[in-house]
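Before any questions on binding or motion, here is one chain by itself as structure tokens, the form predicted alone.
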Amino acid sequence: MAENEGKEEEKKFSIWDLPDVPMGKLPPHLELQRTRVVCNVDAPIHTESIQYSGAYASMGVDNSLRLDHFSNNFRVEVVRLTEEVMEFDMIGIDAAIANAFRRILIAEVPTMAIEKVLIANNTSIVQDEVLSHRLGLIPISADPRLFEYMSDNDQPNEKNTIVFKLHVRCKKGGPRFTVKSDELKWLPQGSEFVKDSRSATSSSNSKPETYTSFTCRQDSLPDFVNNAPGPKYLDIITAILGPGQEIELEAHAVKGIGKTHAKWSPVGTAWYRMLPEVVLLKEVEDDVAEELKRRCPVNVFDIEDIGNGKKSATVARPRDCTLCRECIRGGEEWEKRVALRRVKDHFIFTIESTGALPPEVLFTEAVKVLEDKCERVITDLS
């Protein structure tokens, strides 16, 4: 009987029944450590990402990554969208995924850029190599999805090459002439430079061989009828000619990625930051509230009237916080008033396009690249 009573007691009481051990929910200090980066005066703490599924098993909390949980919590919210810049929030992901998108945008989303420059005449003070490099960095407004990659064994044709012509001259006795990117003229029929002038004169009936092998004009293709390729910005200075100087060349643009050369990178920059969280740990009123507002260089705090001639500080624009920590410097009393944190799974992402493609299209292309990488890994593992 005593043995049976002991077993019944074991069934009635267990460690999970104790009031200080939560069921399926972490204590506040552990939840803060799991979801926030706390920014102290000297350095941030709790910066690590806790991904181990059994990290809180003793607390009865399942920390494993589940697809249904990710699908229900992940979302993208566009904050600002212009022709060149997009700012959006990615909520419910790990920093590794956000960084993967950043790296893909910089190095693996393709664009069109000038790769080969055929110079017939250059009497300017700009060397041929420098001029070619400057032309290569001019953003080309052309959809790279309409073109194919060109390997070393491929011939330049209408499917993998865009040809531009630049021919400018400064008159003798006149003022100096500034050569800008608007002088690049698209040649839809391909190259006009003949490879061997002697063969062209000897066989007048045959078409002279040029540096491209176009089977048709590019402006006859439906994709280019109303969308002619050209420099995205027409006021980029490429050279300055003195009296009597001249530049005549052809520039061939091909498809590539930023991993090969920075001129193919579709973004000026792509970066992210964790969402700032500014918390007032206690009421900040009157003169202290005014001082807190003055301390913040980006104007995060506001002052509101709470009646009876009293004023209180409020957190009005936490998103603008740059983590300068000016609001918590000056002694322990300020650290007890304000807490600065970052939300670990909420990222503010900014994409600045060079102009080849809109920023929203760049992000969708980056998603496709990451999807292809995942499929290759799954195929290799299976």
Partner chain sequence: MEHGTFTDHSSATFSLTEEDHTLANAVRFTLNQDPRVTFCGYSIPHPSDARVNIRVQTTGDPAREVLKDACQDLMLMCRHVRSTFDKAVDEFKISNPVEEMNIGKK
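Remember, predicted model here, so these are calculated numbers, not experimental data. Numbering follows the first chain given and starts at 1.
Although not depicted, the form predicted together with its partner chain is the subject of the following passage.
Partner contacts here mean any heavy atom within 4.5 Å of its partner chain in the predicted bound form, and among 305-313, 285-293, 243-251, 87-95 they occur only in 87-95. Listed residues 263, 165, 180, 232 were compared with its partner chain in the predicted bound form; 232 is the one with a heavy atom within 4.5 Å.
With the partner omitted here, the residue from 299, 71, 127, 155 that has a non-hydrogen atom within 4.5 angstroms of its partner chain in the predicted bound form is 71. Heavy atoms of residue 80 reach within 4.5 Å of its partner chain in the predicted bound form, making it an interface residue. Looking at residue 109, you'd find every heavy atom of it more than 4.5 angstroms from its partner chain in the predicted bound form. Contact annotation: residue 193 falls outside 4.5 Å of its partner chain in the predicted bound form, judged by heavy atom distances. Its partner chain in the predicted bound form is not approached by residue 25, whose heavy atoms all lie more than 4.5 angstroms from it. Residues 355, 356, 358, 360, 363, 364, 367, 368 are the members of 330-369 with a non-hydrogen atom no more than 4.5 angstroms from its partner chain in the predicted bound form.
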